[in-house]
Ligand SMILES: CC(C)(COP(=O)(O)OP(=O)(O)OC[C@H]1O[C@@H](n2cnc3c(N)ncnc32)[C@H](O)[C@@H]1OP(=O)(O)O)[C@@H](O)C(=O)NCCC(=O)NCCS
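Only one chain is given next, in structure tokens, and it is the form predicted alone.
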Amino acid sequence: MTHSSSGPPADVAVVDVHDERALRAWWEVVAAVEADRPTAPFPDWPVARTRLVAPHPSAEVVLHVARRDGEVVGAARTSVLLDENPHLGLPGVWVAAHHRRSGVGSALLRTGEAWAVERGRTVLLTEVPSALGATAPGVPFAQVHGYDVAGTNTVRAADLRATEPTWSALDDRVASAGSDATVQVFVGAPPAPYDARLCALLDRFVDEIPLGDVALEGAAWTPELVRTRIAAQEAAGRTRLTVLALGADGSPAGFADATLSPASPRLAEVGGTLVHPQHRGRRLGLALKLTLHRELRARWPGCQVVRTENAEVNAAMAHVNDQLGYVAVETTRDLQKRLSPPSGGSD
């Protein structure tokens, strides 16, 4: 989210994702704003085009642009989830550098918020990245518009080529912990009966991670929902790699997963890592992510960087990441706005 305050009004319009010129103009604004972020998380045009036109069976998404004198000067994306968190709207705003502080961001944000409210959302949540040790202008911009900081996260990145020589020593560290867990690796949706075991871990995930004040609720995961989510990722040109750990009795012990675009595999993004409480203290988290890194390199040799994001208070996961050679590259803040419930109705 980027900062703007007052100035001449901008014309805000919905983007038809099937209009390639309009979609490209939206992408150009976002890509320019995101270009200076470390690890370049926003995809290049061919990859982005596939992702942006893909259907979203688990979410409703709208893109907006802001124009001045026919020039696209701002972009926004707002989404609402359909399977869980029916109270949440997720707005994001980007403004071209030479049009900031001129009302563009405010116009886009108001439009996205109104769209989410029309769909019954009562809490709005957005994420603002900042350079390490700094506060990006998007933070005070969101605060001016009624958002509060609800959580702070650290983004870390690991260079797989540089850290690969350390993996053998980490294997020894894992082995010395004496865990009896075994791992299974899946590309795409896991087959039965592993899908149900993965769901048992996913059900715990939101409850286990430190959320701060973020009003996020976990989903009721089913094998069908997992398949639907992964199929949507694949339709958008993304592939998910999952490492699932099982205890000696076959019970779910932990998981780690990451997604990347095979068409442009340089960057993989960790989705989640969780160790069941009964299996903690045996370096299983380290084993899971170590396997994840190895599999990424083996299956996609062009994968060079793995990116992850953790709450600053999550010391256990930060320790795992430190051992794997992750370095902090930026900070993100979760900014949240609680809306007053609609008036009227009966008791």
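When you see a residue number, it is the position in the sequence shown, counting from 1. All figures in this text were calculated on a predicted structure; none of them were measured in a lab.
Although it is not shown, the form predicted together with the ligand is what the next lines describe.
In the predicted bound form, the ligand lies within 4.5 Å of some heavy atom of residue 144.
Contact check for residue 72: no non-hydrogen atom falls within 4.5 Å of the ligand in the predicted bound form. In the predicted bound form, at least one heavy atom of residue 101 sits within 4.5 Å of the ligand. When the ligand is considered in the predicted bound form, residue 33 lines it closely, a heavy atom lying within 4.5 Å.
With respect to the ligand in the predicted bound form, the three residues 95, 126 and 140 uniformly fall within 4.5 angstroms at the level of their nearest heavy atom.
106 is the sole member of 154, 79, 106, 242 with a non-hydrogen atom lying within 4.5 angstroms of the ligand in the predicted bound form. The partner is not drawn, yet in the predicted bound form one stretch among 219-227, 198-206, 251-259, 144-152 has residues with heavy atoms inside 4.5 Å of the ligand: 144-152.
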